[in-house]
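Next comes just one chain, in structure tokens: the form predicted alone.
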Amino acid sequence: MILKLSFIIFFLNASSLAQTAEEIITKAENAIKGKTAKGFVSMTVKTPDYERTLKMENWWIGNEKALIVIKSPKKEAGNKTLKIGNEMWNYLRNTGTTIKIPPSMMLQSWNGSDFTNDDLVRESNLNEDYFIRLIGSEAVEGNNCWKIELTPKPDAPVVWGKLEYWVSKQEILPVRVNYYDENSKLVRHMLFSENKKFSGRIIPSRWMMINDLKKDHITSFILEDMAFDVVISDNIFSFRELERGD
């Protein structure tokens, strides 16, 4: 009887922790995404050989639709990326051509960054695609954080073998995410910092992706101006808009 009671208590505690982990992830993800978002972002790619910065205007509807328009530098201004569901197209202004990204290219770099085409297309719903487990607490980048482990559910359309996700306890915001391959090798990690207020919500304004396989390869996103939960016309996410000259 005592053993049975102990098992029931353990099961309830484990279930509670799992549910708490899912709630934490949901709050952290919703805080930085919103139902819709639009704004201006700069992306700086640093390697041992060069450094380049792109200025972009972005429109997003949840995880389903996105349009990214490069505004500068001049030689790349007008290039666009359109995402609808799990499909993605690039428009090249100089040649006036639209290219659909095939599945074989999804893991290639997006615009020379440490983000991949798959990052833009998948934008997976973590609660749907991963088993989520709260595994402890740690201090990360000066923040007292929950440490959460995410492992893929069977047949989930994800490329990572495991994620480790740290969420600040005070703000319920992401602080760090580790990305592992199927062999549990750390491929890259992302750091979130410099919290600022946009549309009445405080979120990290710097998202820095660090490549753990290529030394000194770093991509930083800086949110310069963002509006969340705003009305965005569906016409934005069309081929007419994609191929419209600016």
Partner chain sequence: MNLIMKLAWRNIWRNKRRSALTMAAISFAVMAAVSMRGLQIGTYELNIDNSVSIYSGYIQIQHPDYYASPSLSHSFNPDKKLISYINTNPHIIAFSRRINADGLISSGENTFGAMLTGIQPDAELKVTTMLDKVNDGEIFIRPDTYDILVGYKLLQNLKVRIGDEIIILAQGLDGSMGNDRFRITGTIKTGAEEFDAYGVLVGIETLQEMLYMHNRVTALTIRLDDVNNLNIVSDELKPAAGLNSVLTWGNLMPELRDAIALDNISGILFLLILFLIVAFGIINTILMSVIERFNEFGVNLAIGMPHYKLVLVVFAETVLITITALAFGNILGFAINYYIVLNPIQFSGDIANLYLEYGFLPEMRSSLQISMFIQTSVITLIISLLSAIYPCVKLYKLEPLKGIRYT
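Numbering follows the first chain given and starts at 1. These numbers were taken from a predicted model, which means no experiment stands behind them. Whichever C-alpha set is largest while still superposing within 1.5 Å between the two forms counts as the rigid core.
The same protein also has a form predicted in complex with its partner chain, omitted here; what follows describes it.
- Contact check at 4.5 Å (heavy atoms) against its partner chain in the predicted bound form: all three of D49, N90 and I99 pass.
- Residue contact with its partner chain in the predicted bound form: S109 places a heavy atom within 4.5 Å of it.
- Put simply, E171 is far from its partner chain in the predicted bound form: not one heavy atom of it is within 4.5 Å.
- Although the partner is absent here, N79 lies within 4.5 Å of its partner chain in the predicted bound form, judged by heavy atoms.
- Residue contact check for A139: none of its heavy atoms lie within 4.5 Å of its partner chain in the predicted bound form.
- Superposed on the core, the two forms differ at G96: its CA moves 2 Å or more between this form and the one not shown.
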